[in-house]
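Only one chain is included here, represented as structure tokens and corresponding to the form predicted alone.
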Amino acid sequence: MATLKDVVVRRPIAATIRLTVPAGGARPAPPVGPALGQYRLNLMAFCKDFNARTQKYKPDTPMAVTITAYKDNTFEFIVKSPSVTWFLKNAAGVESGSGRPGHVVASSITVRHVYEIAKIKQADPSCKHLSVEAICKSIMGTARSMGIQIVKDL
């Protein structure tokens, strides 16, 4: 619940922008430039800050970022880890999932892969309240819907 101080200091929000930007690859060109430019936000400040925050990830890792633009031309942003499907495709070594999940198996991964993905996703703001077991079950469901089989050992 918001405190009285938060309510008094709250700034009016102009927009909430959701983008997928490669780690360490934010440039004031599309898709970042037009998305932030229409709200008159400082592109270079965003690019430098985003690249600094995502330097620990491999280059070209797709990072989801949610930018909150305020009416006074300032902004805040939250960087989330890559999507579960990206992790699963990399772990399985495939470009895309099965065209017929449940009938055709695209690839297979181990339970250890699922656990490692769950540990990474647990740091996400939307998954902090979930247990590792619950995140693992969600990842297994995503893998099943992509046609990726989960085995005990390869």
Partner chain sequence: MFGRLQHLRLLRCLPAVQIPTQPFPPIAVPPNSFSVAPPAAALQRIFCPRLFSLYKLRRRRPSERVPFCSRSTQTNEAAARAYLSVRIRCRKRDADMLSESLLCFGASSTSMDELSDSHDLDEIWITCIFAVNQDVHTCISHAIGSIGLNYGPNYEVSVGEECDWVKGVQETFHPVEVTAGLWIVPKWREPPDLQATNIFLDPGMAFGTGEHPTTKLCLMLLRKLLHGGEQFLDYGTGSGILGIAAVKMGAASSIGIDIDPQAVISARQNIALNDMDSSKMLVYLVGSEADSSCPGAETNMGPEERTLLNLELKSAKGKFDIIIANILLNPLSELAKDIVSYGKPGANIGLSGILSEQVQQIKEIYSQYLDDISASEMEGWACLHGIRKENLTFPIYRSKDKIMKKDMGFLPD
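Residue numbers count along the first chain shown, from 1. None of the values given here were measured: they were computed from a predicted structure.
This protein has a second form, the form predicted in complex with its partner chain, left out of what is shown; the following refers to that one.
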query: Interface residue in the predicted bound form among 104, 111, 123, 52, criterion: non-hydrogen atom within 4.5 angstroms of its partner chain; finding: 52
query: The single option of 17, 140, 130, 146 touching its partner chain in the predicted bound form, heavy atom within 4.5 Å; finding: 17
query: Partner proximity in the predicted bound form: residue 134 to its partner chain, non-hydrogen atom cutoff 4.5 Å; finding: no
query: Contact flag, residue 96 vs its partner chain in the predicted bound form, heavy atom cut 4.5 Å; finding: no
query: Heavy atom of residue 48 within 4.5 Å of its partner chain in the predicted bound form; finding: yes
query: Contact label in the predicted bound form: residue 88 to its partner chain, heavy atom within 4.5 Å; finding: no
query: Residues from 75-102 in contact with its partner chain (non-hydrogen atom within 4.5 Å) in the predicted bound form; finding: 80
